[in-house]
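A lone chain, given as structure tokens: the form predicted alone.
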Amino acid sequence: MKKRTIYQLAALLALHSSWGPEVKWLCNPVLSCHSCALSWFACPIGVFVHYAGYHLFPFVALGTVLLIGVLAGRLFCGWVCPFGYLQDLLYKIRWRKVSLPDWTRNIKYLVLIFLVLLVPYFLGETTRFSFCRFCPAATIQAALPSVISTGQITYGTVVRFTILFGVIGFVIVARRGFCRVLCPIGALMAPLNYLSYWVVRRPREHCLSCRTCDRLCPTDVHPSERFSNGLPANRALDCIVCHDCQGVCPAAAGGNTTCEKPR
């Protein structure tokens, strides 16, 4: 878990270290706004919104995301995504925690279908009702620097910051709440967990069924059930491939990460 935190911090610094050069034609499947002056890569959601608004098909963007998903599933969600890292930090704040109903996991698919694809397709790329206009990552990386530099606050800015504060409060009480309920990148990448070549193996030949990993799992996918049935833990839609279930297992000192064909 400490190792993952180091990787997340390194990814945060690396993805936002541009001094001018950029690779905005390449999508990185994490929630990081490409309108940020320091970003190297494009956000796939921003690209999808843009292309949907102009009635174009994002072949390169979608192909890049699918390729990464087939190779590693949602590994980037657990190890690279800056907004995922922020959620992990905020959840450490001492406050009353809540469990989310299972049905809330389906909301992110509606967000992807409507706010990322259909709304910009019918109302145009500049519509105020696309996901990008409400994205909390974009508010931090683009809207906040703009307000600081210009001092201008509009009605749209107030709405964006209100949503941002609401999301912050949400992820303080619900672990990885945004990932599980609202993130359209998570919705896009989730089915690829079943196809990915990345495998989160059970730590031992036989699971002890102590459910320690279930209590630690940031997205409540109950890895012990898959371990006990001889399945990889990441064969679940909401698994972010964090490997925390391996690291906490009392039957093993560490985990075993391998890449092999999906089962």
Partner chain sequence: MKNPHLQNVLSAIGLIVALALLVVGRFVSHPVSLDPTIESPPVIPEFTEDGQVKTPEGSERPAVPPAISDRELVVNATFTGVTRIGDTLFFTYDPSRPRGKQACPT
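Model, not experiment: these values are computed from the prediction. Positions refer to the first chain, counted from 1.
Another form exists, predicted together with its partner chain; not displayed. Remarks below refer to it.
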query	finding
Partner proximity in the predicted bound form: Leu216 to its partner chain, non-hydrogen atom cutoff 4.5 Å	no
Contact of Arg211 with its partner chain in the predicted bound form (heavy atom, 4.5 Å)	no
is_contact(Ile163, its partner chain) in the predicted bound form, heavy atom dist at most 4.5 Å	no
Partner proximity in the predicted bound form: Thr64 to its partner chain, non-hydrogen atom cutoff 4.5 Å	yes
Interface residue in the predicted bound form among Val119, Val80, Ala174, Cys132, criterion: non-hydrogen atom within 4.5 angstroms of its partner chain	Cys132
In the predicted bound form, the residue from Thr126, Thr104, Ser149, Ser99 that sits within 4.5 Å of its partner chain by heavy atoms	Thr126
Proximity to its partner chain in the predicted bound form (heavy atom, within 4.5 Å), stretch among 91-99, 174-182, 111-119, 70-78	70-78
Partner contacts for 159-195, taking its partner chain in the predicted bound form and a 4.5 Å heavy atom cut-off	Arg160, Tyr194, Leu195
